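First, one chain by itself in structure tokens, the form predicted alone.
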Amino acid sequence: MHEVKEIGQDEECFFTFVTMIDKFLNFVATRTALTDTDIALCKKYFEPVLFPKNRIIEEQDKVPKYLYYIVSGYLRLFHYNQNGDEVTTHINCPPGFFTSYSNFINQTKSDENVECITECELLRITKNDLDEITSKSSSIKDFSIFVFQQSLTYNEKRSRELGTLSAEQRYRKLMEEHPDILHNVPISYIASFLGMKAESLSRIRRKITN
């Protein structure tokens, strides 16, 4: 698979779309009650797509086009530092939402890329459609505010941990909270995300194993 695939052209793809949207609706329903109208709006405005691994779906120095709900797969946010090295700033754990949030909300250029680490099943929505859906549904509006607040909370927590925890403590915390990342994401990305070199992470992993 080399191109983005929109789902819904045949019976099998339609079934996949139904499964994806049902997972999304179940996720939203854990935070807020949805009416039949809310459900219809979600089905109308969220577009199902499939991407192959290593595909950049939002580019640095451009305004993010979409907010993504991750049905399956792993994505990361990364940028290039002054030496031209990749710096991974966020790795997702499905299910959940993903994009460069502040840039998407404010429709400003992002300094980050969004890349599929693995093959990904996603639902996506544009800013205009998100505004449309939240203007028609108070439940979805409240939920979208919650998602944005969670993003801010995550960024604050991450900055605090990078400044206060040792490299080994950061890795142990990741092991405890998100062990699935260790099995699905390359070690170089994990090391960068934890603020260390891959060689340093390898030494920490050997120490823990021994």
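Since this is a predicted model, take the numbers as computed values, not measurements. Each residue number is its position in the shown sequence, starting from 1.
What comes next is about the form predicted in complex with another copy of the chain, which does not appear here.
- Interface residue among Asp180, Glu176, Asp61, Glu156 relative to another copy of the chain in the predicted complex, by the heavy atom within 4.5 Å criterion: Glu156.
- With the partner omitted from this view, the residue of Leu162, Ala33, Ala40, Ile56 that lies near another copy of the chain in the predicted complex is Leu162 [heavy atom within 4.5 Å].
- Shown alone here, Leu130 lies farther than 4.5 Å from another copy of the chain in the predicted complex, counting heavy atoms only.
- Contact annotation for Gln149: at least one heavy atom lies within 4.5 Å of another copy of the chain in the predicted complex.
- The closest non-hydrogen atom of Ser102 lies within 4.5 Å of another copy of the chain in the predicted complex.
- None of the heavy atoms of Ser138 is located within 4.5 Å of another copy of the chain in the predicted complex.
- Of the candidate stretches 116-124, 67-75, 130-138, 103-111, only 103-111 has residues whose heavy atoms lie within 4.5 Å of another copy of the chain in the predicted complex.
- Of the residues in 63-82, only His79 comes within 4.5 Å of another copy of the chain in the predicted complex through at least one heavy atom.
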